[in-house]
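Take a look at this single chain, the form predicted on its own, given in structure tokens.
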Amino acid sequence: MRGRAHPQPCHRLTDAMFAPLSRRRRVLPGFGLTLGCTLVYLSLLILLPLSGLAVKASQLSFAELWEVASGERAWASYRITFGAAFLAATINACFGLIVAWVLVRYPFPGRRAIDALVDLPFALPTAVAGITLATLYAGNGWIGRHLEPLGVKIAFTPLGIVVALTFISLPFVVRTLQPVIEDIEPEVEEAAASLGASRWQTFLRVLLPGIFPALLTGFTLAFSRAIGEYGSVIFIAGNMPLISEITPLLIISKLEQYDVVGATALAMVMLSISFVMLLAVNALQWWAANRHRPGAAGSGR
């Protein structure tokens, strides 16, 4: 009588199947080649233009540079440019959070259409946006005709600049917040409510800590976009020196007068202020992302 044959496995697991990923063939080239491409690309697009700007500005002495950059008209343009950009980014940080929350958490008819409208400032030419806003908010416009009798004048004032910058920078906040809000489970809010937390406490202590880094990133993107905006602003600002003239327009005016060195000096001031502000915001983002780590390390003691 023959013995029963034992079934043999068709495949045998070997150590080769669990080879480390470093030994496998990569889809993209190695680190050296990709780093080289990255440095060349960034150099051509960013480093070389900024270096050229610095070299051009170095033709002026510090006294001459300070004289151009600290004139009364220049200071007024700085206040309007950075003040309006900060105010527009702050408005979008508040209402952009509401828009992103509604689009993520509440299903309603027409949600896809509204979600598509958020990206309209990306696709719409800035000059078209400026002409449209100026037409709407002018004294005889659809909206301006109702606001002007109340003493609210938007078009051709600094308030019109804020409206234009708010319009073009809204998508940066909404699109930055949407993925983060989608990752927050609704059960988190239900758990907070079951423990007796009010809606305001749930927002401040449960939701905001997770949303804050993305909110700060959206604020930074909106602020950066608003600082450099030109096309939509010049049609609604009025462009009056010392009142509603932005720094990019002042730079264009100097270029039209063939004052290249003066325009370069203003551009260097804008670049320096923007760089310092971005460093400050990035430091704040780093602090917001790592503020719980030391406490978590020492909590087990």
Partner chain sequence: MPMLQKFILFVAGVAAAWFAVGAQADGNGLLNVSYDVARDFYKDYNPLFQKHWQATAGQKVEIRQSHAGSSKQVRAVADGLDADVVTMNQASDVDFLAEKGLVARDYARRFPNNASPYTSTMVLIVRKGNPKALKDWNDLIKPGVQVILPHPKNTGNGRYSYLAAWGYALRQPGGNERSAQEFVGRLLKNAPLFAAGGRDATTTFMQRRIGDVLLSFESEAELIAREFGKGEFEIVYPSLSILTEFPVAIVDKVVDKKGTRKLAQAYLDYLWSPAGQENAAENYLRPRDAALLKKYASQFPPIRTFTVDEVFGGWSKAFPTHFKDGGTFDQLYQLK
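Positions refer to the first chain, counted from 1. Keep in mind it's a predicted model, so treat the numbers as computed, not measured.
In what follows, reference is made to the form predicted in complex with its partner chain, a form of this protein that is not presented.
Exercise. Which residue among Leu35, Leu42, Ala54, Met240 has a heavy atom within 4.5 angstroms of its partner chain in the predicted bound form?
Worked result: Residue within 4.5 Å of the partner: Met240.
Exercise. Pick from Ile184, Ala197, Leu221, Ile131: which residue has any heavy atom within 4.5 angstroms of its partner chain in the predicted bound form?
Worked result: The residue in contact is Ile131.
Exercise. Which one, 269 to 277, 58 to 66, 255 to 263, 42 to 50, holds residues whose non-hydrogen atoms are within 4.5 Å of its partner chain in the predicted bound form?
Worked result: Looking at the partner contacts, the answer comes out as 255 to 263.
Exercise. Looking in the predicted bound form, any heavy atom of Val102 within 4.5 Å of its partner chain?
Worked result: Flag for Val102 set to no.
Exercise. In the predicted bound form, does Phe156 have a heavy atom within 4.5 Å of its partner chain?
Worked result: It does: once its partner chain is placed as it appears in the predicted bound form, Phe156 has a heavy atom within 4.5 Å of it.
Problem set entry | Distance check, Gln201 to its partner chain in the predicted bound form, heavy atom within 4.5 Å | Close contact is absent here: in the predicted bound form, Gln201 is far from its partner chain, nothing within 4.5 Å, heavy atoms only.
For this session: Spell out, yes or no, whether the shortest heavy atom distance between Thr217 and its partner chain in the predicted bound form is within 4.5 Å.
Result: No, Thr217 stays farther than 4.5 Å from its partner chain in the predicted bound form.
For this session: Determine the residues of 127 to 141 with a heavy atom within 4.5 Å of its partner chain in the predicted bound form and present them in sequence order; the list may be empty.
Result: In sequence order, Ile131, Ala134, Thr135, Ala138, Asn140 come within 4.5 Å of the partner.
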